[in-house]
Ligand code: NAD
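Read the single chain below, which is given as structure tokens and is the form predicted alone.
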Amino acid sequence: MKQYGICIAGGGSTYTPGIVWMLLEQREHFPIRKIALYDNDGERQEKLGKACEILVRERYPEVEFFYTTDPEKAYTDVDFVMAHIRVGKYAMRELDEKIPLKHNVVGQETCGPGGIAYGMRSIGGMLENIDYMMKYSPRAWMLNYSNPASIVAEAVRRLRPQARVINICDMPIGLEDRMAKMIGLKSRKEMTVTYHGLNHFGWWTSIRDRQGKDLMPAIKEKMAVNGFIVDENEYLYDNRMSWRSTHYSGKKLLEIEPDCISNTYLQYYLYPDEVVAHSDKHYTRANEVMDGREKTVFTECARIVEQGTSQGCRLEIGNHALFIVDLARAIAYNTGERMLLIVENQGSIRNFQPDAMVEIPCIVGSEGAEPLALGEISTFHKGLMEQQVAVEKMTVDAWIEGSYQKLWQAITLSKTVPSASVAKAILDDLIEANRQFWPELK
């Protein structure tokens, strides 16, 4: 059986240990010969890399493992690149969230002005990593988690059309896990779903079990009470209260769109005033992550390194790791698995523009993703999606052209922003914060 070489781009991410651990757990089903971590922040990556090195040595010693800041070393002779880069790290995410909130606009890392700012930083970093892959391992596949996925996917579609890149997101997977638990299923994989939209902007229109039974009525009945919250005590005793309100928003979204189940990110577009009213302008989700997962993962990795063993390891394998390894296996073994991916529409949604990057079910095999035909979508969904995809396309226009005007228009067009004057004020603040990351705008 062939063994695969893996490069994890963004090796300093707190999600990296989970991916490494998942690769080790799946070694019988997805054998690997090499894991390379790559990051341009060597100091941060080393803290995680040393712990991952111990994990690999103890659980899969025959695998070559290393971490490096040298792209040629990292990208040479690999079959898959698992990318989750964050240009500007959490310091910039915090500004993405707090600058819009200063103007009473939704502050969120992938939605609204914050997502646009993040996208303007991510495009260059993603293209750089794609170019490394195409130079040093031209037959490799890049499985990209880097956010904001829709903007990144649109930039890659236009600027690197020949690259073997599949853009993915684990948010729908996490919500499907919750839906499965609501109705007593052991796994989301017992469900067959139909979903359409853009990344962080979509709807489930059908959910059935393996025998074809419609599961939507039972799920909606549960959601009408608590949204996506499965455990009533969830998040009450940690610093992630914003996630409790996010998952509870499923109830409110069901009221405006009762025929479907909405992705929770739609709360930012359909109820932006309420989101802002309940946001803490001084302590956002970026702060929750820095005080929570960041500290937890780095502390645990430091403990592993200090003890010289992974015995008693408290690192967790999350949806992020599960999904990306499942996707790699589907390509490697031509499994024909059905997965939600971000792909060029090209008629899959018949009444939507063909060059939009949409998130829809695909069949995955050795040649990549084959999108399923979904027919037409409702006027409500189509109208919302057309507005949002225009935001994403204009953001990429602004990056390519260095256009202040296009980026102002993109922010103005976002459904989270009330006026062009507010959009301009936010943009000017974002330009000041992102001078070392964005192209110069004229």
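Numbers follow the displayed sequence, beginning with 1. Note that the structure is predicted; figures quoted are calculated from it, not measured.
One more form of this protein exists, namely the form predicted in complex with the ligand; it is left out here, but the text below deals with it.
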Legend entry - Contact label in the model of the complex: residue 125 to the ligand, heavy atom within 4.5 Å: yes
Inset, instruction - Although the ligand is absent from this view, report whether residue 392 comes within 4.5 Å of it in the model of the complex, heavy atoms only. - result: no
Inset, instruction - Indicate whether the ligand has at least one heavy atom within 4.5 Å of a heavy atom of residue 44 in the model of the complex. - result: yes
Inset, instruction - Please check if residue 15 has a heavy atom lying within 4.5 Å of any heavy atom of the ligand in the model of the complex. - result: yes
Legend entry - Heavy atom within 4.5 Å of the ligand in the model of the complex - residue from 79, 177, 170, 326: 170
Inset, instruction - Name the residue from 262, 310, 249, 146 that puts a heavy atom within 4.5 Å of the ligand in the model of the complex. - result: 146
Inset, instruction - Answer yes or no: in the model of the complex, does the ligand come within 4.5 Å of a heavy atom in every one of 410, 424 and 429? - result: no
Inset, instruction - Tell me the stretch among 86-94, 201-209, 333-341, 186-194 that has any heavy atom within 4.5 angstroms of the ligand in the model of the complex. - result: 86-94
Inset, instruction - Output the sequence-ordered list of residues from 90-123 with at least one heavy atom within 4.5 Å of the ligand in the model of the complex. - result: 90, 109, 118
